[in-house]
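Below, in structure tokens: the form predicted on its own, a single chain.
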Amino acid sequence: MEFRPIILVVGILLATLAASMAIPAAADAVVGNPDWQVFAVSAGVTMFVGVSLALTTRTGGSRLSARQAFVMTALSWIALTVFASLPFAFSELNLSFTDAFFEAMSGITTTGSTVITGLDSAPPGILLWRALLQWLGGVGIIVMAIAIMPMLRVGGMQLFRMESSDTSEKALPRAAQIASALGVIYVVLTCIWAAAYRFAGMTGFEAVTHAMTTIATGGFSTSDGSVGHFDSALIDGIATVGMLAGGLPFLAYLRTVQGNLTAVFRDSQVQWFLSIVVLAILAAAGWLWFENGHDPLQALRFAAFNISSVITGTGYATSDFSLWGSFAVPVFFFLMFIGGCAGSTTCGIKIFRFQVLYAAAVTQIHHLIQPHGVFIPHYNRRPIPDDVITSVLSFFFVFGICFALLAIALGMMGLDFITAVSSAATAISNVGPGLGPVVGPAGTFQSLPDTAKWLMAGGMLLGRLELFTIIVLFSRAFWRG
């Protein structure tokens, strides 16, 4: 395998990460916090390594094989996490490398799980760095879903190929053009939500950081109380709409900008996603109203915010939903796995896979009723190829196995059942908070053993990169070519 194109991309990404470290460095320098030096040195080291890798591996060819793309994707995410953890490790927070790596992985995969307490008094540089990591990770996963994953034919993502040919030299230039347009849309949405948060009463700093983590469906906040710290119905409403906006396919936004004004709502992914969200909100609001005695409007506000937060994998919280009662806990647990639309910033299994599975199941039932009939499953009014169905079924199987193994491993670390199972679910689905008093919305992951944090960091990477992208690297056949 030719590694030069891979290392070149990793070097360019590290140089970009280093440049972004200048922003929190400036924020700390303005308020006189000494951590600006930590960011400056971290930026210098990261830039040196990134530029060195890029300059020593320059190549004239642009061809990228599927095997190279697998290695590049995994290596890029790991390298970015290692260097992104430097400011956490050397800041005045005095985090261990395990905690720093966990926080960086949680940020760049837009998971939102944290080991940091005392956010209300944390320096602005660290708060801004956490938000920046999630913002960069959000746009990164959109680009991957458009340019890389369809080429790798992972988990049914080949449904979203932009070219009939799989050759990368045809697909990548077009993907680069689309990715640039999507990046502009991503920035515009972030600016809109920053302005909305500022209008709703946040400070300028809070508005910008929360806008970045809302559109990225990341969930890092500037307060230990998350968005509940502001206790504002208007802010809750703005955040709810923002999280749902981040959960919709960005390609549909692009088609809307190009003149197809109904592109978003004509997408069957969007229709399924919004239907599930509305049904879950109504069920949770009804439970809070009738069983917990909440005022109807307050019940709807809490349900809409927290349901949207969990299903999109954002991880914001306005109340500890693990205390809502026996009905709410399993609802939130299963919502963790669903996720949003393909090509969005969200996490989880993704809506389109449930649609493919449903279409295949309906077709199978029709075959049982009429054995000699011809029935073809459809997605978005198009026939679903057999290889996509196989890929999706494989994804479900591997997802279940990985979740079970991670939960068992966390249980072996001494965690109780609720903590182990919900931690595994929130890691592999990139949601953020788990369930229960330890890792629930009111807790953090700080008290977990170091081994459990490394396991969870691995789970976050697996979930964010669609499982097979990492698992295939452990195959001897892959390395033999």
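In case it trips you up, residue 1 is the first one in the sequence shown, and so on. Every value quoted in this text rests on a predicted model; they were computed, and no experiment measured them.
The discussion below concerns the form predicted in complex with another copy of the chain, not included here.
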ask   = in the predicted complex, does Phe403 have a heavy atom within 4.5 Å of another copy of the chain?
value = yes
ask   = Taking 4.5 angstroms as the cut-off for heavy atoms, does Pro34 touch another copy of the chain in the predicted complex?
value = no
query = Looking in the predicted complex, any heavy atom of Tyr379 within 4.5 Å of another copy of the chain?
reply = no
key: Residue contact check: Ala181 to another copy of the chain in the predicted complex, 4.5 Å heavy atom   = no
ask   = Of 313-321, 81-89, 354-362, 133-141, which is the one stretch near another copy of the chain in the predicted complex, taking non-hydrogen atoms within 4.5 angstroms as near?
value = 354-362
remark   = From Met412, Val41, Val51, Ala26: within 4.5 Å of another copy of the chain in the predicted complex by heavy atoms is Met412
ask   = Using a 4.5 Å cut on heavy atoms, which of Leu261, Leu279, Leu368, Val374 is close to another copy of the chain in the predicted complex?
value = Leu368
ask   = Among Val115, Val187 and Phe445, does every residue place a heavy atom within 4.5 Å of another copy of the chain in the predicted complex?
value = no
message = Just to make sure I understand: among 370-393, which residues lie within 4.5 Å of another copy of the chain in the predicted complex, judging by heavy atoms?
response = Gln370, Pro371, Ile389, Thr390, Ser391, Leu393
